[in-house]
Ligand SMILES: Cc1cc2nc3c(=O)[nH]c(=O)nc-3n(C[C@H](O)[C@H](O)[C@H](O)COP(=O)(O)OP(=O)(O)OC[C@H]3O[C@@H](n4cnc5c(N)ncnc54)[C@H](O)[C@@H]3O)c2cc1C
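Below, in C-alpha cells: the form predicted alone, a single chain.
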C-alpha cells in the first residue's frame, strides 16, 4: 500500500511527488511515456523563474528527472488504465500491474489536438521540431496555429527552414507581444490570419500544396512540412468512473476533489492559465494535501 500514487510526471506531477516525499510519504510516480510530459517537446522553455536562456524542453525534463532521482522517488513507465475507490483508498491498474494507495494525485495533463481526420487523414503532420532539425532544414513549413506555443516553434523553425507560414483562424496572432515582435521582425515567417487549412495536395507521401480558406495557396514542389499547434484536449478519460464535469476533456474541479483522497494538479483542471508555473503550484498544493490525508 503506497501512501500516494502520482499519475503523470510533467511539472505538476513531479512537484506533487517532491512535496509529498518531503513530508515522509511513500510515493510512486506512474508515467505513460517520459518524465516531462508535453513540455519535453518544446524548443524553448520560457517565462519560468530560473530557467536557462535557451533551455529546451528536453533539458528541462532532464532536470525534473534528476530531481526525482535525487529524492529517491521511483518512476514506473507504464500507462494507467483505470482508478477505482476502495475502502482503504484506491486501486490503480496500469498496463503492467495493479497498485493500492491511500491517496492519488492525477497530473495527467492534456494532449495536443490534431487536424480533422476526415478532412486531413492522409496529410502527414508534426507537432514538434526539436531533435528533428535536419529533417526540416531548407523546407517550407506551415504551422497551423498562432498561440504562444505555435509562435515559439515558428521562431525556432525559422532558424533553419526555408520559410515558415503561420495560419491563424483569428484576425491576428494570439501570441504575446514578445513573440509577435520577433515574428514581425523575421523575414522568414509569414502570418496568414483569418484563415484555416482548407485542402492539400500530395505527391506520393509528400505534401506539395496547402490551400487556405481565404483562397491563398502555399506551394513547394520539394515538399511542405505541416505542424499542428491548435490547442490541447484534456486527458479526462481516465476519470470517467467518477462522473466529474468536464470541458473539452478538462476537469471542472479544485485541487482537492469531492472524492476523498483524490487530487488533481496541473493542466487537467479547467483553469484560466496553463503554464509551468501554475502546474508546479498545483502540484505543490496537491502534494501537501495528500500528505495531510495519508498521515491523518
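Positions refer to the first chain, counted from 1. These figures come from a predicted structure and were not determined experimentally.
From this point on, the text means the form predicted together with the named molecule, which you will not see here.
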Quick one: find which of 181 to 189, 163 to 171, 72 to 80, 205 to 213 has residues within 4.5 Å of the named molecule in the predicted bound form by heavy atom distance.
72 to 80
Are all three residues 16, 85 and 253 in contact with the named molecule in the predicted bound form, where contact means a non-hydrogen atom within 4.5 Å?
no
Taking the named molecule as it sits in the predicted bound form, is residue 33 near enough to touch it, meaning that at least one heavy atom pair lies within 4.5 angstroms?
yes
Looking in the predicted bound form, any heavy atom of residue 149 within 4.5 Å of the named molecule?
yes
Contact label in the predicted bound form: residue 11 to the named molecule, heavy atom within 4.5 Å
yes
4.5 Å heavy atom contact, residue 112 to the named molecule in the predicted bound form
yes
In the predicted bound form, which of the listed residues (108, 175, 141, 197) lies with a heavy atom within 4.5 Å of the named molecule?
108
Would you give me the residues of 170 to 190 that have any heavy atom within 4.5 Å of the named molecule in the predicted bound form, in order from first to last?
none
